[in-house]
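In the block that follows, a single chain appears as structure tokens, in the form predicted alone.
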Amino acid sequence: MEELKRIWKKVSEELSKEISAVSYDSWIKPITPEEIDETKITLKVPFSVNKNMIMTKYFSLIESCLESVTSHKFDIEVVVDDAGSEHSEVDPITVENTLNPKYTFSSFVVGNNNNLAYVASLAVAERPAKTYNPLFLYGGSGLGKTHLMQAIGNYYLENYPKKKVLYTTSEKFTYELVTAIREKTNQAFRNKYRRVDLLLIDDVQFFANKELAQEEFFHTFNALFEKDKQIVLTCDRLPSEIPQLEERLKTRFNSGLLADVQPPDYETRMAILKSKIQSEYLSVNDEIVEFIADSIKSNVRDLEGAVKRILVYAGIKRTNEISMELATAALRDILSTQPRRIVTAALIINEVERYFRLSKGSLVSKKRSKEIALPRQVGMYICRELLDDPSFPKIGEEFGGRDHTTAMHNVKKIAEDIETDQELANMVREIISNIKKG
């Protein structure tokens, strides 16, 4: 036993160097080394919440520190102290918590589409009720709102373990309220929601049309806000766009910070895919990653689903080689449901103007300056390459009513020039790529 204590003391010292003092005191310090043999070490913790945090957050770190101290790889078993579980009062909010430990700030891929929401969420996690209260995250389904919301909760639990965090959905809140009224347990219901330090409510759009739930949540919101407790809400739209939501709730939702989460752009989609592929220990070449990022533009959930589908398909085929053929076959059903971007002359003109930093309408104006001539020629050439109806009269008409001979001359000139001008060829290729990527 003395040897076990000596080993664990050294392991604890190593762990204290790797994590914050608050995290160490909250989750590592309560661990008691219980038993050790040649292959396994047993660690005891006082409550199930401690075990959950260790298994999801610190297990691999403990494993590596133990191996570093002993030069031996042990199996680790974490058990809950029965005496502590039976005789200590355990907070039902803590036990009920359904936060996904994988939803952390470090696992969230930040891009131009979600940067404000990420920065605001991190600020709320670090200084709850001091910056943005409430924090209202809004955007379409599968874009990462729940990830950010639960990242706030996980950060809070790790750094303030004695505080109470409650995550739920508006639907569950409504269901529990109806149950409380039926069973005459209204006060217990209110105590549950009004005695927390951080309240996370997902999908508040489902409060629409539910007058009783809106009434109860209005008073819950006020009770928490008046006590400087942090509130975080998610929704698929702005508060003003939620139908049949009381004005007093809209006012309160608008009183904090509204941060939107947009569909990921191409660079963010690439980063998300590479992160997910790495987490699944897959080896996929960049060409296939680019193919997925080009094909799936809707949301993060669909991107993650694509990686999982490829993984399953590779398992069925009993291969570790992820080829383009395999990826295409695995994603055939998903790709068939993806909305396709319709390329129009107006879209091409807008993209060319944006690329050359010209004011809107420059390419269709009567101007013939040198600064506009080349972009106009490039735009006509790309129209010839991408449009379903690439006739010269049609192209000329789209560019301010120019005749077909002008369109023909401009297209021919760019076609010839890109054969010898590599810089121009790269420029045209980049604009076409931007148009296709959306």
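This structure is a prediction, so every number in the text was calculated from the model and none was measured. In case it trips you up, residue 1 is the first one in the sequence shown, and so on.
FYI, the form predicted in complex with adenosine-5'-diphosphate isn't displayed, but the following is about it.
Quiz item: Is there a heavy atom of Q214 lying 4.5 Å or less from a heavy atom of adenosine-5'-diphosphate in the predicted complex?
Solution: Close contact is absent here: in the predicted complex, Q214 is far from adenosine-5'-diphosphate, nothing within 4.5 Å, heavy atoms only.
Quiz item: If you check in the predicted complex, is E158 within 4.5 Å of adenosine-5'-diphosphate, heavy atoms only?
Solution: Contact with adenosine-5'-diphosphate, no.
Quiz prompt | adenosine-5'-diphosphate contact in the predicted complex: R252, any heavy atom under 4.5 Å | solution = R252: no, not in contact with adenosine-5'-diphosphate in the predicted complex.
Quiz item: Do G140 and adenosine-5'-diphosphate share at least one heavy atom pair within 4.5 Å in the predicted complex?
Solution: Yes, G140 lies within 4.5 Å of adenosine-5'-diphosphate in the predicted complex.
Quiz item: Using a 4.5 Å heavy atom cut-off, which stretch among 311-319, 123-131, 104-112, 362-370 contacts adenosine-5'-diphosphate in the predicted complex?
Solution: In the other structure, the partner sits against 104-112.
Quiz item: S298, S170, T146, S295: which sits within 4.5 Å of adenosine-5'-diphosphate in the predicted complex by any heavy atom?
Solution: If I apply the 4.5 Å criterion carefully, the residue I get is T146.
Quiz item: If you check L326, A259, A180, I272 against adenosine-5'-diphosphate in the predicted complex, which one has a heavy atom within 4.5 Å?
Solution: Selected option: I272.
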